[in-house]
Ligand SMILES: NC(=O)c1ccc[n+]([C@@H]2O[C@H](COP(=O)([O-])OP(=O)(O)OC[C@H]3O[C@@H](n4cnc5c(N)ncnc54)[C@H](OP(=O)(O)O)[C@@H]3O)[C@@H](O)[C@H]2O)c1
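Have a look below at one chain only, the form predicted on its own, in structure tokens format.
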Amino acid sequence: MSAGCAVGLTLTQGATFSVPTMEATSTLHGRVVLITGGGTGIGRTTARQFAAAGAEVLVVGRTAERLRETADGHPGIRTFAADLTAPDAPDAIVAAALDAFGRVDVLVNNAAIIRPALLEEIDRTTADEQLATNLVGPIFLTQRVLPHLKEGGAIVNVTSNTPNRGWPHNSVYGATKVALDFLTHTWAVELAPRGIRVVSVAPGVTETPVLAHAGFSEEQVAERGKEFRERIPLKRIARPEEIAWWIVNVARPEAGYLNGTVVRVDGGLAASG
């Protein structure tokens, strides 16, 4: 069998379809990727990895300066500053992507905030902010992107914790991430007939400024990191590059049979009980 040929599969009732080989689909050149939360951490690194692979990327975030830092030295990355929680933001974000590139092939719902608090300490305004950023925003951005996604398109939801373990101080944040995984399962079933895939990439503890943005001091962040290292089987915290690799690769055409699942990249934390 020669390289680059399509492999024909015949089903029991005579239907035949083709599976593209690696050589035929081993590029992201020409694909347009929209990434939220692209100003720091996993979002920034993911944008740069997509651009390095030849994709055109629009990064979205609240802070224009951070977005410019993401794009600096990466001509394939363009920026759009917007607050995902604003009612008109999804339409504006999609319009910016279409103005820049004329299409969208991949949406990465990465934007999220974490505001730790015990149950009795949860503040309604802060809870609403987390729900709007982590869950409601992705729902309506995905809804607005959907008419522009063609067959072969992909939606990647960046999530987190499993649904079967408690996470003290993080009931709201954790609930939003479990809900986003549920949306992944549901949307995957709804959108499969259109040839659009939906996958969650669920990072474990990762070196990002998310806790600093939540108001934690350097000492508090270091202490949390020490606690997590003791629980993680690999005994270390993930680098953003390690998470971004999975986001980029589940969106590739080569991953075309991966759908409706949660890819956990957590150093074995979920398996450790």
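Computed from a predicted structure; not experimentally measured. In case it trips you up, residue 1 is the first one in the sequence shown, and so on.
Another form, the form predicted in complex with this ligand, is not on view; read the next lines as being about it.
- Of the candidate stretches 71-79, 139-147, 159-167, 120-128, only 159-167 has residues whose heavy atoms lie within 4.5 Å of this ligand in the predicted bound form.
- For G153, no non-hydrogen atom is located within 4.5 Å of this ligand in the predicted bound form, even though that partner is not displayed.
- By the criterion of a heavy atom within 4.5 Å, Q49 is excluded from the residues contacting this ligand in the predicted bound form.
- Residue contact with this ligand in the predicted bound form: I42 places a heavy atom within 4.5 Å of it.
- At least one heavy atom of V205 is located within 4.5 Å of this ligand in the predicted bound form.
- Within 4.5 Å of this ligand in the predicted bound form, a heavy atom is found for every one of R66, N110 and I113.
- Residue L84 is the only one of A97, V198, V106, L84 with a heavy atom lying within 4.5 Å of this ligand in the predicted bound form.
- Compared with the form shown here, the Cα atoms of F140 and P163 move at least 3 Å farther apart in the predicted bound form.
- Cα-Cα spacing of I114 to T162 is reduced in the predicted bound form versus the present form (difference of at least 3 Å).
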